[in-house]
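Coming up is one lone chain in structure tokens, specifically the form predicted alone.
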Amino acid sequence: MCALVSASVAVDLEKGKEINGTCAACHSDNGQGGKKGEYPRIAGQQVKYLENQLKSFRARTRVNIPMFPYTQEREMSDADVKDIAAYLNGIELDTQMPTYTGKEDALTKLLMAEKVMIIPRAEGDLEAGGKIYQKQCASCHAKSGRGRGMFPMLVGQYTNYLKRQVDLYRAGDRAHDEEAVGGVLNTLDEKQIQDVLAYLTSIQDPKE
């Protein structure tokens, strides 16, 4: 089965689903990632961002040893990158627990609940975090936190994972979107960062 992500780029979503069988070992079948944030949520993530990161893993410009074997060109071609990125982008995760009819068996209830993505509210000053986010981050990651183009979705992501990446950016161990070490994240102190993370957990429901 093929689908069009844009007017000019055709992708094979069935192939993407097949490739996701490998990704699921860490990121889960539905792309939720690790429950403690050890692996990021990739479901619903921006297509261009996913493509860019997979190619960066493959080229080792973003060093991640566990990802390297799966992203080498002989294992994942450019076409595969497009297919898995489009497939993951199309996965929608509920942010509300399901309503059961009473006819479901225990396994069905479990599977329904596993598809729900609820990020616990992080502590912090939501008002202050919101002001910082909308001023400093929204131009790239969108006012909703859902990202755009090459810039990733942040809302609905594990707080522990985001904090770990922020620390890597600030230390210069992972390249941010700015070319040089530094950038907007290095202008914020720990409390401000925590406030932004708290704010992101408060807007995770796409209906809000």
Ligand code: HEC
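Note that the coordinates shown come from a computational prediction; the quantities given were computed from them, not determined experimentally. In case it trips you up, residue 1 is the first one in the sequence shown, and so on.
Omitted here: the form predicted in complex with heme C (HEC). The next part is about that form.
The closest non-hydrogen atom of Leu13 lies beyond 4.5 Å of heme C (HEC) in the model of the complex. Using a 4.5 angstroms limit between non-hydrogen atoms, Gly172 is distant from heme C (HEC) in the model of the complex. Contact annotation for Leu50: at least one heavy atom lies within 4.5 Å of heme C (HEC) in the model of the complex. Mapping the unseen interface onto this chain, Val155 falls outside it, with no heavy atom inside 4.5 Å of heme C (HEC) in the model of the complex.
Residues Met150, Phe151, Pro152, Leu154, Gln157, Tyr161, Leu162 of 142-163 are found to place at least one heavy atom within 4.5 Å of heme C (HEC) in the model of the complex.
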